[in-house]
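First, one chain by itself: the form predicted alone, in structure tokens.
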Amino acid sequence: MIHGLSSELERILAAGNSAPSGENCQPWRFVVRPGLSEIEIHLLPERDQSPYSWGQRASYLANGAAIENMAIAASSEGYRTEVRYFPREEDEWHVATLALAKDPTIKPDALASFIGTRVSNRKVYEKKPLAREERAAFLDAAANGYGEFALTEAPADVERLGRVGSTNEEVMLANHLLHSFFFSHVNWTEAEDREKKVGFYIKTLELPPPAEAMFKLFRHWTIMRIFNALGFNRLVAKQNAAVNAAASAMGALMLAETDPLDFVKAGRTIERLWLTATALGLSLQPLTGILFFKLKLDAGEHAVFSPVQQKRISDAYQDVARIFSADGKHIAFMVRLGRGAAPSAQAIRFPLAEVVDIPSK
């Protein structure tokens, strides 16, 4: 236990610490002020130096997911919550303050018990349609959230979106900066993963044994360049596209604006959808690389990508926009949804004591 915190407040904070984040970077710090009635959520930009994350938008999503988890967990502890977003205008990293008040009339959120079991699952899913009740529950969760959510189960759309999702690997493996970043965040052993606590544990990538062995060679850019000259990055993308397409459905969350607050609120919606999928016994995997690449291009950061890569990114994004009828909205998040066996491993977290501050004043 953390000195000075009640067990119920620890459970609320632990729920926030269980939120998903890009590369499992966990870009948050929680500050509990004297009186223990408010939790401040602070974004840690130094934790997220990813070339994917333009303007820390991926980390704003992650912080939004942490807020949603804490609000859900608080309800099961008998607290009503009020969220004040960006309470200090001069501090862009103070994402929100969560005020807690005991309320005997509050109803526990049914999703609270699934916070600890929510995972990203990269395994091949069963190609089986969603049940009507599953579809309705998922769409109901989206209807009460932020942004506009769309779901498609049309086989042709799912297949095309599977290829779009795999454009991430096609571009990443052929781009020196992205390649170096990705492989620097792969943890090759369980011991390394426990030590670093950030990045991708190799087992979570769900590679078959021969591919896992080859993967260690590909971390060397000189070797990767040779393989790419033979079209290897496109081969990997094709294989991943087939995995992506083995899904019951694809979904996308669209936003009218791309400000930090929009992404924080979107993060809350995404986490609620993810927990709903978990409650339904469904697996979910984000397919967001191409969407964050598009954000960089829209912001004028073209130098990261070659002209050919820029066109591949733009064309892939337009496919997503067309399928989901985005109508000028920004597509902030895309997921594949289905039924899969339990993942081989899960991301670990920093101990709660390392992400919580309790100032004396």
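Computed from a predicted structure; not experimentally measured. Start at 1 with the first residue shown and count on from there.
The same protein has a further form, the form predicted together with a small molecule, not shown here; the description that follows concerns it.
*Non-hydrogen atoms within 4.5 angstroms of the small molecule in the predicted complex: do Leu44, Ala66 and Thr97 all have one?*
Checking in the predicted complex: none of Leu44, Ala66 and Thr97 is within 4.5 Å of the small molecule.
*Given that the partner is absent here, does Leu61 sit within 4.5 Å of the small molecule in the predicted complex, heavy atoms only?*
Yes, Leu61 sits close enough to the small molecule in the predicted complex that at least one of its heavy atoms falls within 4.5 Å.
*asked:* Even though the partner isn't displayed, in the predicted complex is Ala347 close enough to the small molecule, meaning a heavy atom within 4.5 Å?
replied: Contact with the small molecule, yes.
*Is Phe149 close enough to the small molecule in the predicted complex to count, meaning some heavy atom within 4.5 Å?*
Output for Phe149 is no: heavy atoms all beyond 4.5 Å of the small molecule.
_Just checking whether Tyr125 would be counted as a contact of the small molecule in the predicted complex - the rule being heavy atoms within 4.5 angstroms._
No - in the predicted complex, heavy atoms of Tyr125 and the small molecule never come within 4.5 Å of each other.
*Pick from 226-234, 112-120, 140-148, 209-217: which stretch has a heavy atom within 4.5 Å of the small molecule in the predicted complex?*
Going through the listed ranges, the match is 112-120.
*Among Trp93, Phe200, Tyr85, Phe181, which has at least one heavy atom within 4.5 Å of the small molecule in the predicted complex?*
It is Phe200.
*Report the residue, out of Phe305, Tyr317, Phe292, Phe324, that has at least one non-hydrogen atom within 4.5 angstroms of the small molecule in the predicted complex.*
Contact check passes for Phe292.
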